[in-house]
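Just the one chain here, the form predicted on its own, laid out as structure tokens.
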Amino acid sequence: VRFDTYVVNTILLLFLQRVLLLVASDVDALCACKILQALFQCDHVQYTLVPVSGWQELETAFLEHKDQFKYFVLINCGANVDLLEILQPEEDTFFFVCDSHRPINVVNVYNETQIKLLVKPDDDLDVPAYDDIFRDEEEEEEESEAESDGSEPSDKRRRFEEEVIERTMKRRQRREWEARRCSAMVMFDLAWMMSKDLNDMLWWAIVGLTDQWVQDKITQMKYVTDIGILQRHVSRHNHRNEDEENSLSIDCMRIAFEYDLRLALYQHWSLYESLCNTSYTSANLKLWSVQGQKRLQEFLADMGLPLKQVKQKFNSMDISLKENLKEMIEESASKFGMKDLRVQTFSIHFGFKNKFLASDIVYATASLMESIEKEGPETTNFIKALDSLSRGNLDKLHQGLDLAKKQLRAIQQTVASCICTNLVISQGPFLYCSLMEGTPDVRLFSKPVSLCLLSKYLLKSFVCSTKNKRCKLLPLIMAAPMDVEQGTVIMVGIPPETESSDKKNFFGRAFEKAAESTNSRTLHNHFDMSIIELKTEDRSKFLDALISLLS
């Protein structure tokens, strides 16, 4: 179902009912959720919010609430499986699905009664035509009558069926890949079409898109295109005369387009720490080696920045140095082979003092969501992360920024240790790296978003460090201990780190096939199909099956 009058009417109908919101644990989903919550509050809609981190929790939540609710909204979950088969709902139950995961299951696309997919009009779902999958019932009845008369199926029918099978197989091969769309942007579009879009909603859409870029889920081209779309909305919402009274209001909020540095959290850290713990600079300068540390000193000297200034908090740096800092860094970076150190993004100002880049919010929110510090029930982290997106909760946001710094340091230290001890090995069709129990910060990497971020950073750094040209083109599978008592590991597969990469991920289907062929005890519980859990003793046969499958 695309955005047209029908969907707007459907959504308006939705606003009259009690609704259950099922929201996945990722930043884009949280942002989409915030936009929808704001829309619900506009119309005084009653809703219940339930965080779900995987298929098991989704099924449990549905079973617990199916008697009280008839309308379910699923954010970043549910599109890539046959929902009706999994949940077995009553016929008067309806699902509105806004999911960035691809490919979308064809049954969900063509079930227009109970499942409403919230999809932008320009989204190519790449699904077979309806007639290719679901044969005309009358035709089938005629054929079954002909067969009951004892006659052989006609050649025409056999040829038709062979063609359908061939077409569907080709489709399936294409559909084994997974590419992303931003759910927060879809929700913002919905708000805009209903003339209920606010500046806060626009900011959440920006953070949702930035999350997909930070997580490397979308191509640079897709990112730049979507930034252009959002920039038009930013101009519409944030134009004002400088002498207006509200421009100096202490609680005003202003979004601005920025061509800023690709340095993680640098405005809330020291420039030195940020350079050391940003994947792009760390990989390009090879900071895990003595030679790399030397290059960093040369890079700082080339900019003419005193070490004392670079190592203190960014806020405390001399204003004279900060004035042309971006240009100085960009000029020196291009001499050191870092031509893409600046990136199109947005910043937000709260009142006089607080300024954040969209990526700052992404790192902070993701760190709060996957915090390993135990505080109350499972949902505490989700609620904290959701709250940190509201402008009234700056204390939670700052807490998230502190956690994000720890996470980025842990990732860089782990990357350095993996490369220096040659833990990344080529297994033929893919690279493989496994973290051992007892590795520092290993508990952090039992969480899916943190493990994915570590894997992306590791692959970038490995590609910069290896001289083997073939290895530079390979995808990576990374494993980390999940639950020591139960003897399980969490495993993630990520696509190759090449400039031409379309960021599509084929590991989901490959993991399923390898598990089936070896009877490995796996748990495919994550909404992202390229993440699985596996019994430690089944790991070697599972990997062997993957090697033969992908060779």
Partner chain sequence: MAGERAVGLVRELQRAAGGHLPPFRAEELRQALEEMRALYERNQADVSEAKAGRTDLIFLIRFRHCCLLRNQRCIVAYLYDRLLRIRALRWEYGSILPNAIQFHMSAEEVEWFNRYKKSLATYMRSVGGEEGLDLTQDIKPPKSLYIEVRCLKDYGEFEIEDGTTVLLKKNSQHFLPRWKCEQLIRQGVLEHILS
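Positions refer to the first chain, counted from 1. It should be emphasised that the depicted structure is a prediction, and the values quoted were computed from it without experimental measurement.
Here the subject shifts to the form predicted together with its partner chain, a form of this protein not shown in this document.
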task = Note which of His65, Lys70, Lys513, Arg521 lies within 4.5 Å of its partner chain in the model of the complex, where distance is taken over heavy atoms; exactly one does.
result = His65
message = So its partner chain isn't shown here. In the model of the complex, which residue out of Gly304, Gly228, Gly438, Pro377 has a non-hydrogen atom within 4.5 Å of it?
response = Pro377
task = Choose from 377-385, 475-483, 426-434, 323-331 the stretch whose residues reach within 4.5 Å of its partner chain in the model of the complex, heavy atoms counted.
result = 377-385
request  = Report yes if any heavy atom of Gly54 sits within 4.5 Å of a heavy atom of its partner chain in the model of the complex; otherwise report no.
outcome  = no
task = State yes or no: in the model of the complex, is some non-hydrogen atom of Ser517 no more than 4.5 angstroms from a non-hydrogen atom of its partner chain?
result = no
request  = Answer yes if any heavy atom of Lys535 is within 4.5 Å of a heavy atom of its partner chain in the model of the complex; otherwise answer no.
outcome  = no
ask   = With a 4.5 Å heavy atom cut-off, would you call Thr498 a contact of its partner chain in the model of the complex?
value = no
Residues in 21-48 with any heavy atom within 4.5 Å of its partner chain in the model of the complex = Gln37, Phe40, Gln41, His44, Val45, Gln46, Tyr47, Thr48
